[in-house]
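This document starts with one chain, in the form predicted on its own, laid out as structure tokens.
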Amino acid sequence: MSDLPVRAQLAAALGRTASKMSRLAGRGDGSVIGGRVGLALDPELLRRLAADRRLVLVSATNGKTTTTRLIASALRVRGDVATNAFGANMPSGHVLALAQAPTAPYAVLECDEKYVPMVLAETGAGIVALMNLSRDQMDRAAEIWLLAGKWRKALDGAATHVVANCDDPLVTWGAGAAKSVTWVSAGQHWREDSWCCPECGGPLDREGVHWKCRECHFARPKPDWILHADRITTPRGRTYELSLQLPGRANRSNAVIALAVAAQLGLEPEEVLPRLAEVTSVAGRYTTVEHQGRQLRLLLAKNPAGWLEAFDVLAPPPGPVALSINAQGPDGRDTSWLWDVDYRVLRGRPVWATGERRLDLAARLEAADVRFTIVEDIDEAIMAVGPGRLDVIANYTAFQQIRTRYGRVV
């Protein structure tokens, strides 16, 4: 930090102060405002703070916050790690994360899909991890084919190593221009956004995890790392059991990406696996909080792919579920994506619908022939359930409101 120009040191210090003041005022964790202050004082602050670190960028539509946490946990066996643990994944969040750990030799930064080219150019990240792409917040992020194309252009000729999920055709295409790639078979559970070839537009033929274009050369590359249920096979052909406290198949996918990134930084699976097993929740996700004899498990689902994974970890039927939907700026204003989610899996469960857009949600549930109760406030749903367990699935701002109200355990 002392090697930074005086202006950059002042910008970083004032950014940390603004972040602290925001937290004290109860206005959030300060991850955004602190970085904005720093960048306003020194527009080159991100580049300066990133210099001389071994830096990893993590991007995807779903799972980037969790994967960032897993990678950071693994790297702490080697030293301090700067990371944006609470998901502030744009340049302002990156600046504050780096400023708060000025001497950390490693940095692991979750990066919004749209900002990957810009942040890669600013930081010169040595590793970029790319996991999945699906439609999300179309009013802000545009079509995912455009995002994949921007990734491809940014990685073409860049001196960075890419760790990419080869089971997702769009990710494979976006990563394919890189000079050096580690391919990971991490699975692709949501396929509705990748039935066509991003190279030529032709149809993709699929058989299990394998896929190839019917009309051109584009096909799934041979993976270096392979996830088979609860086992992982390394490039050397060794197989390890994967034991996580984080639930569901999506987190096993996140974990194999984390292992591949850690290996690229010189860590062996024997070092990494115990660290991954210690992670129990990520920015409140999967946290269970107590409220008047009820155990509320908080699940974040912000798009159709995320809802599919939330359903995968629900308590067995007929466990009750509360669903909460908002449509504020961070969520995306358009709720038409609700019609892409197959809510029939909730049949036979007690279901409550709440949130600012509960009527939109109710219309979708009725069309899926799911019995439900509309409530104006999440507390009504919680108190309607007898003492015991309740799964709560919410999109971004609804999740943050519930988490703030009932417990911010990390």
Partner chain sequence: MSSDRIKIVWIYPDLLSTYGDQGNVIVLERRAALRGIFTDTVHVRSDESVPVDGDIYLMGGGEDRPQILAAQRLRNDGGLHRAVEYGSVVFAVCAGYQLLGTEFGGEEGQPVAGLGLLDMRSGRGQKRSVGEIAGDVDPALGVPMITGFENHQGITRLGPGVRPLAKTRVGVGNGDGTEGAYRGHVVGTYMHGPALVRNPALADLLLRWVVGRELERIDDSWAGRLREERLATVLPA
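Here the structure is a predicted model, which is why all the values come from computation and not from measurement. Residue numbers count along the first chain shown, from 1.
The protein also exists as the form predicted in complex with the partner chain; that form is not presented, and the subsequent description refers to it.
Going by heavy atoms within 4.5 Å, which of 368-376, 42-50, 65-73, 381-389 lines up against the partner chain in the predicted complex?
Partner-contacting stretch among the options: 368-376.
Test of understanding: in the predicted complex, would residue 345 fall inside 4.5 Å of the partner chain by heavy atoms?
Residue 345: no contact with the partner chain in the predicted complex.
Check whether residue 202 has any heavy atom within 4.5 Å of a heavy atom of the partner chain in the predicted complex, and answer yes or no.
The answer is yes: residue 202 has a heavy atom within 4.5 Å of the partner chain.
So in the predicted complex, does residue 135 come within 4.5 Å of the partner chain, heavy atom to heavy atom?
Heavy-atom contact with the partner chain at 4.5 Å: present for residue 135.
Report yes if any heavy atom of residue 146 sits within 4.5 Å of a heavy atom of the partner chain in the predicted complex; otherwise report no.
Yes, residue 146 lies within 4.5 Å of the partner chain in the predicted complex.
Consider the chain as shown here, without its partner, and state which of 198, 320, 306, 93 has a heavy atom within 4.5 Å of the partner chain in the predicted complex.
Checked against the cut-off, the match is 198.
Ok, 224, 80, 340, 271: which has a heavy atom sitting within 4.5 Å of the partner chain in the predicted complex?
By the 4.5 Å criterion, the partner-contacting residue is 340.
Does any residue in 354-378 get within 4.5 Å of the partner chain in the predicted complex, counting heavy atoms only, and if so which ones?
Contacts from 354-378: 356, 357, 359, 360, 362, 363, 364, 366, 367, 372, 374.
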